[in-house]
Ligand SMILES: NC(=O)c1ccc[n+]([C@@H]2O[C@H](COP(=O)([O-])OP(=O)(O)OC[C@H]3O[C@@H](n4cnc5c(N)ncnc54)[C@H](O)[C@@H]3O)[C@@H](O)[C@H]2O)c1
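The chain below stands alone, shown as structure tokens; this is the form predicted alone.
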Amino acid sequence: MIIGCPAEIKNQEYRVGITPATAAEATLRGHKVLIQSGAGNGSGFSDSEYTEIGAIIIDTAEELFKKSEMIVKVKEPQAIEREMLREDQILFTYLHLAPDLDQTNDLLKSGVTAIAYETVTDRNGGLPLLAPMSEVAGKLAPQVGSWALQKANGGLGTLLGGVPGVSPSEVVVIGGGNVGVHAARVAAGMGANVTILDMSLPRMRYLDDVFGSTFKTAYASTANTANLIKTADMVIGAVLVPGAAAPKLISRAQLSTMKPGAVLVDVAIDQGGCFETSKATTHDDPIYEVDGVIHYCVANMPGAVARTSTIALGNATMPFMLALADKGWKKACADDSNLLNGLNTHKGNLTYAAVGTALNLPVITPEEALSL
């Protein structure tokens, strides 16, 4: 198979979809790997590192898309990229379609077979291709939130860990999954008082058993959430409904109950955000203020630590990418129901139910798509 990896064009997105190590595995199996010139630079991988293992450098995205049977990326294809997709191609990348009608319509129009990293599952029902970026984003959240808390950035002017004689900051993390746990661990490590909100009692028992007094847990009822955000210096939104739009957990009306200069970090922004007042921002202009509360809503947070993120993502995606290349998408998905769960579009059909619900579009099952 001819596998193409274009340079990412989203604002300050420095990750790359295929590392030299992944390219080497593919070429060893007889596949041809095309890398757009400079695609790996932001992650510290030169063109020569790819050519040394047998990959071919392509000058332009247009040429790469035209020649490739499978496109492997990191971020969702931008509008100009979607124009280059076609029905006989596989697209393997993060998509996050539920809050993005324009992208969804463009993918359906192209007819491309699009497999989304964020809906591929594992045998335990986990999300193995989302997990590494969730870990990165979770660890980054307190870091960027503490920057936003600085007075020069509009924040309260508080230090997460405080100092002797001055109390540490209060951090509330909504969601006890991968993002939430890593955010809580880092925030607690920085000295903050941390509370994780979650609706799963077994999950909270697990967190208590594993982390003990590192941070507190509380049930994520509407009342508990409303009370805790009143005293919070920072709230980290870390909720996920696989493939679907994130629920809105803090309303605009509730911002008036928070401290002026408190910070909201919305890690769920790729799925539409979990705060009513969230809107996607960029690394160039990451924060904005609504009713005195600072919002950090960068939609590609892991791109800020591109090398770490690229290697972690490549480790996770490589087995699935190789299966698609070795077998073709139909056999690979027929052989692996977890990979089939990643199928979002095929020949103009939407195949992921949660996206159909979010966007009010008709859906066929992934199993039906296998027969088309």
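Throughout, we count residues from 1 along the sequence that is shown. Everything numeric here is computed off the predicted structure, so don't read it as measured data.
There is also a form predicted together with the named molecule; it is not shown, and the following applies to it.
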{"item": "Listed range touching the named molecule, judged in the model of the complex by heavy atoms within 4.5 Å, from 171-179, 74-82, 99-107, 152-160", "value": "171-179"}
{"item": "Partner contact for residue 241 in the model of the complex: the named molecule, 4.5 angstroms, heavy atom", "value": "yes"}
{"item": "4.5 Å heavy atom contact, residue 249 to the named molecule in the model of the complex", "value": "yes"}
{"item": "Touches the named molecule in the model of the complex: residue 236 (any heavy atom, 4.5 Å)", "value": "no"}
{"item": "Residue 184, heavy atom within 4.5 angstroms of the named molecule in the model of the complex", "value": "no"}
{"item": "One residue of 143, 200, 282, 227 in contact with the named molecule, assessed in the model of the complex (non-hydrogen atom, 4.5 angstroms)", "value": "200"}
{"item": "Listed residue that, although the named molecule is not shown, lies within 4.5 Å of it in the model of the complex (heavy atoms), from 287, 188, 220, 232", "value": "220"}
{"item": "Neighbours of the named molecule in the model of the complex among 262-295 [non-hydrogen atom within 4.5 angstroms]", "value": "267, 268, 269, 270, 271"}
